[in-house]
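One chain follows as structure tokens, the form predicted alone.
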Amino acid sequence: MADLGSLCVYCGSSTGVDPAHGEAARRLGELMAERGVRLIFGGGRIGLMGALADAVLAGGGSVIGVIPGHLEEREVGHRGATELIVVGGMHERKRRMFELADAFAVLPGGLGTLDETLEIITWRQLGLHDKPLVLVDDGGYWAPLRGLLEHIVERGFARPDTRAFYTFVDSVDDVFDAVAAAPAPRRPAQEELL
């Protein structure tokens, strides 16, 4: 994929117990700012989301957050974002983030991050997109998911070509090479996304 203008990053609204995850989020933000890649994220000012967005902004980069109104009301929205889009709910959030993104990266996170990741893989399986998806297996965090995805293929609940829908890397330093190695996405017609 030659042209990467925006990267949607799914990650935790918590920092987790391993400080290395926060360092990885900040490093990815620095890399995005250096490359002029706009961040699309869940709009939070807390956890890995906040660390990532702060690093992009500190490097002079652009940040678009997409946050549901009920979370914005709790004052967890990142007020320093270049743009903060408030939507009606979680489904609308995921769809809007998808629309704004050229590719996806996944850092450590919780159930919401897992939900977003599996949905974007499923949309790829259904032919709704072919945008690159890179999972950063920072410190082996996503090893259980990698094993589960492999198990699903081995047990016949997903085709072997499902493995081509995502790439695992060990470090945020490998994200852009993995995206660059992916074929350019086909732009589906709007009605295909409905």
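Just count from 1 along the sequence shown to find any residue number. All figures in this text were calculated on a predicted structure; none of them were measured in a lab. In this text, rigid core is short for the largest set of C-alphas that superpose within 1.5 Å between two forms.
This protein has a second form, the form predicted in complex with ligand AMP, left out of what is shown; the following refers to that one.
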Triple contact flag 22, 38 and 173 to ligand AMP in the model of the complex, non-hydrogen atom at 4.5 angstroms: no
In the model of the complex, the one of 73, 83, 99, 115 near ligand AMP [non-hydrogen atom within 4.5 angstroms]: 115
4.5 Å heavy atom contact, residue 88 to ligand AMP in the model of the complex: no
Any non-hydrogen atom of residue 77 within 4.5 angstroms of ligand AMP in the model of the complex: no
4.5 Å heavy atom contact, residue 28 to ligand AMP in the model of the complex: no
Ligand AMP contact in the model of the complex: residue 32, any heavy atom under 4.5 Å: no
Those residues of 8-36 which, in the model of the complex, come within 4.5 Å of ligand AMP by heavy atom: 11, 12, 13, 14
Displaced residue check between the shown form and the other one: residue 91, CA, 2 Å or over, core reference: no
